[in-house]
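One chain is shown next in structure tokens, namely the form predicted alone.
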Amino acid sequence: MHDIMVIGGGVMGCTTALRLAQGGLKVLLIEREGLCMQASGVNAGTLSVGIKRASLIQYAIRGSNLWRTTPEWAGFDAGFHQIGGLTLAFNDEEAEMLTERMDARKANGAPIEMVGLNRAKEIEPGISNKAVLAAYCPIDGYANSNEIGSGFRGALKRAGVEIKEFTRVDGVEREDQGYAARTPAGIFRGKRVVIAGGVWLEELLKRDFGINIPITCRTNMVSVTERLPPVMRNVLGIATSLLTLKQSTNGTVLIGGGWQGKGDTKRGGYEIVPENLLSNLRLACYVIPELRKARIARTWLGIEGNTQDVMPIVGDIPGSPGAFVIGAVRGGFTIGPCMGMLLAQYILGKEPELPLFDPTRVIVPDDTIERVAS
């Protein structure tokens, strides 16, 4: 029997498992696909502190620092690049909104500078002359999201974590000695268990622990251009949109977020919405006019799960001693390593460096749900 099982092998599950193993526990990690093949591996890799909610700024700063230092704590290079970030406003109403939001983020520790068009064009010469105000965050950047699965796999193996990839968990049940996870490959047992995930958390928590935490799905579209000469230096965002742009070292430009694709976790099926994709590409060209000359090489989808208050759930699963949940983090790629570290500290009996996020605040009573894990 393992000391603890971690079910879910995205950034948060991998980080939690790694930190627990480094803390001396015998850990089993179970993932239904390959490590970091879902939301953690198909996002644009943006590490933007400047666009995070004010209440999550300290978590985002810590998460960005952890991506920068993966060679030290995980033993692999995540491809961290700190290039700075600009969030742009294009009219007075947007400028007022941008100022209000950035003031709140600065109050929570984000190193943000408000700049006018001339200074913004010194930082990023390629932006449109139609911008009227910008917020500059020098610590923004990106990591290579498509390579972190292999990096975590090596780190986990070196730490002694047993990994079961491409192993679907059909149910988690409470036993005298802890918890049992039923899979097509057999039953695995652990004294404790962590459920780590995003859009699937609602289904798993209902099925196995009898609690109802509604999770909504965001279906982000991400596009990559052909290789281009340098057209931008920074991560770029827009005051009224979640769209971000950045150019990688190989010359390709990643355009992610913004208007959404279509997805339904309950019925299944995800698809690109052409008119929304075109809106994202037009907005990208409005921000960086040189992109009008570029061709799109590929577009794909990445799904993200959010709670009703759009805040994470990280902590104990109510009514199930020794069971924990971590997930539903908006901007989870940036913040994920921090959340995993904090939960591992808590499980190991240490005081987390930052507060956790009690899942009970978003539980919706449902008398039709019978407790399976009691």
Partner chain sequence: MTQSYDVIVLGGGPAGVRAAIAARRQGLTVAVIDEGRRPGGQVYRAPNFTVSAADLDANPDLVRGERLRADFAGSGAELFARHRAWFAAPGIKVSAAGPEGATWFESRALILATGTSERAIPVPGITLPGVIGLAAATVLLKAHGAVPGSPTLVAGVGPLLYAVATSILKHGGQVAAVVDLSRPGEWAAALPGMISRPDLLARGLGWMLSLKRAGIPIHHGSTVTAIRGDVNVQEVEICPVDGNWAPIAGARRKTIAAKGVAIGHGLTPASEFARILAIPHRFSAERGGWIPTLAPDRKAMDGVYIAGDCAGISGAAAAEIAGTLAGLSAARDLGALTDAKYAELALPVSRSLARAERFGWTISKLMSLRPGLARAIASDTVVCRCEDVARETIDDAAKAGATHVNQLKSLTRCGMGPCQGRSCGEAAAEIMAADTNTSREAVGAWTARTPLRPLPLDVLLGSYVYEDILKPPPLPA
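Treat the numbers as computed from the prediction; the structure is a model and nothing was measured. Numbering follows the first chain given and starts at 1.
Form predicted together with its partner chain: not shown, discussed below.
Contact annotation for residue 153: at least one heavy atom lies within 4.5 Å of its partner chain in the model of the complex. Contact between residue 160 and its partner chain in the model of the complex is not found at the 4.5 Å heavy atom cutoff. Residue contact check for residue 185: none of its heavy atoms lie within 4.5 Å of its partner chain in the model of the complex. Although the partner is absent here, residue 165 sits close enough that one of its heavy atoms falls within 4.5 Å of its partner chain in the model of the complex.
With the partner omitted from this view, the residue of 32, 53, 68, 26 that lies near its partner chain in the model of the complex is 53 [heavy atom within 4.5 Å]. 97 is the sole member of 132, 115, 231, 97 with a non-hydrogen atom within 4.5 Å of its partner chain in the model of the complex.
Judged by heavy atoms within 4.5 Å of its partner chain in the model of the complex, the contact stretch among the candidates 345-353, 332-340, 319-327, 53-61 is 53-61. No residue in the set 121, 138 and 217 has a non-hydrogen atom no more than 4.5 Å from its partner chain in the model of the complex. Contacts between 88-118 and its partner chain, taken as any heavy atom within 4.5 Å in the model of the complex, involve 90, 91, 94, 97, 101.
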